[in-house]
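Here's a solo chain for you in C-alpha cells, the form predicted alone.
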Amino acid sequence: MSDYKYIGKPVVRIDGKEKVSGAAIFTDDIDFGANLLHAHIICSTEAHALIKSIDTSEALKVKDVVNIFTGKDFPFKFGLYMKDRYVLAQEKVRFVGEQVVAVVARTPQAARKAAKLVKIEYEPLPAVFNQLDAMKDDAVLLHPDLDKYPHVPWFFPQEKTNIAHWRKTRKGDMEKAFAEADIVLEDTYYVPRYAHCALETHVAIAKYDYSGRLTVWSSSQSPHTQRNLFAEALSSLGLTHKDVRVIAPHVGGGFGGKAGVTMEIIPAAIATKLPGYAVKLRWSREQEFMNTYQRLGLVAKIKMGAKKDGTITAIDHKIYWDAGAYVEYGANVVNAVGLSAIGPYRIPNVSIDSICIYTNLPPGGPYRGFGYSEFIFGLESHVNRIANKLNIDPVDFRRINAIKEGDTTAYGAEMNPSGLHQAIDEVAKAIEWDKNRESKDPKKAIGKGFAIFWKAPAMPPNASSSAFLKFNEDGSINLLISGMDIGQGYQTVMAQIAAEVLGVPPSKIRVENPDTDRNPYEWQTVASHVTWGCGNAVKKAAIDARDQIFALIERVYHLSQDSLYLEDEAVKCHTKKDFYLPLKDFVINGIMTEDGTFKGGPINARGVFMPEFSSTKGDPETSQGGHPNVHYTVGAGALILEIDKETGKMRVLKAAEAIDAGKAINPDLVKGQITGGLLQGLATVLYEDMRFDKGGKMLNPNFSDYKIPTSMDVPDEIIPIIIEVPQPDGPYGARGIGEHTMLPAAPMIANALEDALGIRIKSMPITAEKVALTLLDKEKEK
C-alpha cells in the first residue's frame, strides 16, 4: 500500500470555515449598485397554445419600467445536446410555466406591478401529458419541425412523431434465451417526476458593457458550458466566445438542476438590449419548481428470464420517458440509460429500448443519478421478485449474477475493475442480513431490503478538464480549475491531489471558483466525473510544476532530477541528505547563482485530461461498437424498515451502503456523500410527490405541499462502507461516487415492504398513504 501524506486522509474542507461562518458570497449577494435592473417573467398559463397577441401598452406606463421584451426580440434557439428551445416563447407555448414575456424595471416591485397589466391572448391546442399517449399515432405533435433541429450525432429523433431520441441496445438471441429460461417474469414499473429542491433557487445577473463584452454572474454547475451556449445562441448579435464571460460564485446546491442553461439565457439576452445596465433574474420557489429541469418520469416494462440455478438468461427492458416540452439536455439522460439498463449484472442476451418522448409538461433534465435511480427502482424490484420465485435468497441471487471485471456490458465493452462482490458481502454483513427481526409492537412489522447499483459518467467522448497552478512568493499555491464545489468537497479533494505531488499542505492551497476569463476549461460539474477527470488534470499540473522545479535545481546545483523529491514545502535529495531548499526561496524569484545572476522565475503549470479512448460510434440499431462509457462505479445497499400496519408510516431503523470509490481521496467526504445521497434517495421514495392538474399545472410548487425530509427523518443508523478497487486511469485510483449514493434507496424500500408485509408496490413514491391503502386492498381480497 502506498504511503501517502494527504491522499486517503480526512483533510478538513478548505472552504468549510468560509461557508459555515456566512462569509461565502453567492450570486444573489453581489452588489451591482444603482444600475441594477430587475427582470420579472410572465409565464404561460397554458400547456399547449398559440400566442395570438401580447399587449404591453398599459404595463409600459408603470413608473420605473424600463422595457418589456417578448419572443420577437430574441428569436434565438438554444440547447446543449439538441437545439429545441427558445429564450422566450415564439408563436407557441408548450408547458404551463414557460417563459413568454420579460418585464424589466428599476425595482422588483415595479416589474411585478407592470407584469399584471400585460395582456396575453392564447388559442389553446390539444395537449398530451402522458408519454404513452404521446406515442400514439393520433397524438398532437409538439415539435412538427423535429427533423430540422440540430443535435449531437448519437441522438436518433423520429420525425413526425413525439419521439426525440430512441436509444436501442441489442445483444445475443432473445427468443432462444427466453425459451431456455426456467422462469420468465414480466411487469411494469412507474416513476414520476421529481424536483431538485436546491436551497438556492436559480439566479443570474448579466451585464453588456459598451466595449461589447457580455458578463454573466450565474449560480451554475457548468460555467464554461453556459458560456458556450450563450455565445452560440447570441451569435447573431455579433458576440463570439471571447466576448462572453461567465463568473460562478459559490452555489447553494445543484443536484444537476444547474448543469445546463435554463433561465440564465434570459438576462443574458436582455442585457444585450440594455448596454451599461446589469439585469438580474431570480426564480421564485414556484418558478424553480415549474420552469427549471425536472427529473424525467418513466414507465419501464421489464421482461426477465432466469434458470433454476439463479442465472439470468435475458432481459428485455423497454423504458418510456416523459421528457417534457423540451429535451435539449434530458434526451442525454435517456441515452445514458439506454446503454446501461441491464444494471450491474452479467446478462448475455439483452434488448433495451430507451425512448425520449415529448409531453406538455416542464422540460426534463439532469438530476443526480442521471436516470439510473429511475430504472434501478424497477430493475432491482424485479430481480428481488425473481429470486423469491426461485426460492433463492435475494443476496445470493445477486452474487450469482453480479458483473465482474472483464465481463461484457450491454454494448460490448469490457467491464472495468470493480469491488461489486465485496460491496455485496460487506453490506450483507453490516446489516446482519441473515438475522430475522420481529417488532415487539403487534401493530408494526419489520422487513429488510437489498439492492445493488452501478453508474457510468454520462459524458461526450471529448469532455475534458484542465487546471492551472501557480506558486506565490511564500510558497503557497493558487489552483485554478472550473468545476464547482456544490457540497461534495471538490475543492478540498483537488487541493489534496496537488498537495500530494508538491509536498505542500492543502491548507496552503487556495482553490478558486470559476471565471471563464481566468480559469481554464472544464466541461461540467456533472456525471460524478470531476474527481476522476479534473483530478487527473490537477495531478498533471502538479507534476508539470514539480518537473519545472526539478529541472531548475538540476540546472543550478547539478543534482540529478531522479535524486530529487518534494517534502515539507521544500526540495530534498536522496543522494545528498543535507540538501534542503524551501520552495518559498525560489518559486517566484528564482535562484541566485555564484556570478550573481538569477535562474528560473515564477513556477506556473498546467494540466489537461481527456479520455481519448472514449467513442460514441456504435451501431444505432444495436449500440455495439464504440466505447461510450469510460467506466462504471458500483455498490450495494441494504436497510431495515419498520412499518406501522395501520397508518403505513415507515421508519428506516438501519441502513448500510458500500461504494467502490477506487481510492477515497478524502474518506470523510465519501462517507458524507453516502449519508447525504442515501437520504435524498429515501426522500424520493418516501416523501416527494409532484402533482399536476388535468391542464398540466403543477399543484404543489412549494415546500409546504411538496414534502422533503428533515433531520427528523434521517435513519436511526447509517453505516457507510468504502470499497477501494483502484480505477486504472483515476488519480491515485479514484473514481466518482457523488450520484451513486442515492441509487439503491427506492428498491431497498420496495423490497423491504414486500419482505415485511407481502405487498409489492410498483410505483413511486411509496408514501405512507399508498402503503396503508395497499394493505386495505389486501385485506379486502381475503
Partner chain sequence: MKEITFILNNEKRSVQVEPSETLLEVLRDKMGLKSPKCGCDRGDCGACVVLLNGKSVRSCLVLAIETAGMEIMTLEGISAKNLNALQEAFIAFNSFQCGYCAPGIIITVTELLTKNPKPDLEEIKEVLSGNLCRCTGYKPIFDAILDVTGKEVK
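Source: prediction; values computed, not measured. Numbering follows the first chain given and starts at 1.
The following text describes the form predicted in complex with the partner chain, which does not appear among the structures shown.
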With the partner left out here, check for me: in the predicted bound form, does some heavy atom of E58 sit within 4.5 Å of the partner chain? no
Check whether I51 has any heavy atom within 4.5 Å of a heavy atom of the partner chain in the predicted bound form, and answer yes or no. no
Closest heavy atom of H631 to the partner chain in the predicted bound form, within 4.5 Å or not? no
Is Y81 one of the residues lying within 4.5 Å of the partner chain in the predicted bound form, judged by heavy atom distances? no
Identify, from the list C197, A430, I588, I400, the residue with a heavy atom within 4.5 Å of the partner chain in the predicted bound form. C197
Of the options V66, V714, V725, L757, which one has a non-hydrogen atom that comes within 4.5 Å of the partner chain in the predicted bound form? V714
Which is the contacting stretch out of 249 to 257, 209 to 217, 631 to 639, 603 to 611, given heavy atoms within 4.5 Å of the partner chain in the predicted bound form? 249 to 257
Which residues, if any, of 278 to 298 lie within 4.5 Å of the partner chain in the predicted bound form when only heavy atoms count? R282, R285
